[in-house]
Ligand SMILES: NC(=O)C1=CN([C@@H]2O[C@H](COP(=O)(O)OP(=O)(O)OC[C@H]3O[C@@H](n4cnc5c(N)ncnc54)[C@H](OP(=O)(O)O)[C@@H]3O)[C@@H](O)[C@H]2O)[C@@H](O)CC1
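The chain that follows stands alone, in the form predicted alone, written as structure tokens.
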Amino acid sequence: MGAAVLAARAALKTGAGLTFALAPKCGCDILQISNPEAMFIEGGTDVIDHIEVDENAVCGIGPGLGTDPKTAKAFLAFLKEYSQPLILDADALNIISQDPKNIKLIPKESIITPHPKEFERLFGPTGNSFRRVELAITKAREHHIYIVLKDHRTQIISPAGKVFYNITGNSGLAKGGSGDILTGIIASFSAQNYTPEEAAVLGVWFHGRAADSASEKYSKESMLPTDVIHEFGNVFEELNSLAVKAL
């Protein structure tokens, strides 16, 4: 449930108006206590056995999802029926990678956020990071999706073949939970009518900038993903100040 808590909290703290957390019944108390502003939707007793999304919602799937066969079946059935862009991470990508044919189920304009191992499971091995980017460009074009390649210098690849290199962030993000936060951020920005490219690029930059702020306070070694979330307000103040100066 920690992954779901972090993703939901990140979405809330980056401006999502209404945030819903879909999880098994056993996670209700944890999610409601941790994120009382988010509304809980029961998706099963011990596993996710159904996924329903409001037509006006933006959906981020993966953090804490698990790969139980019942969950995998429900998720793949959802993909076959759903056509709006999604933000997919973690176990959502692991489920998709179980069969190469599943990749075709990802809706166009979706954003996927794999780390190197997840990318390899999805699209195959590459010799180095340069080859990985080349393959990502090919796959982004082929499937008309945005690929956020999480790494030391995260790359965002668009369906048009554009590659954006992010320069914010630090090694303190190399901890479990950091990716869950990024999923929440990008989902939140997408829900605020940013284009997929804008949501991915801004989301990655914002995530890294908050991490840089957290590292200054707590050190790269000691900082936690929750510390990164605590810095979101400072990053928004920085951006708002720059916007005022530009007027």
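So that there is no doubt, residue numbering starts at 1 and follows the sequence shown. Given the structure is predicted, the values throughout are model-derived calculations rather than measurements.
Same protein, other form: the form predicted together with the named molecule, not shown, and the subject of what follows.
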Candidate stretches 139-147, 102-110, 86-94, 69-77 - the one whose heavy atoms come within 4.5 Å of the named molecule in the model of the complex
86-94
For residue 117, is any heavy atom within 4.5 Å of the named molecule in the model of the complex, or not?
yes
Decide whether residue 27 counts as a contact residue for the named molecule in the model of the complex under a heavy atom distance cut-off of 4.5 Å.
no
At the 4.5 Å heavy atom threshold, is residue 196 in contact with the named molecule in the model of the complex?
no
Using the partner position in the model of the complex, report whether residue 60 sits within 4.5 Å of the named molecule, counting heavy atoms only.
no
Tell me, which of 200, 65, 210, 187 has a heavy atom within 4.5 angstroms of the named molecule in the model of the complex?
65
Determine the residues of 119-133 with a heavy atom within 4.5 Å of the named molecule in the model of the complex and present them in sequence order; the list may be empty.
121
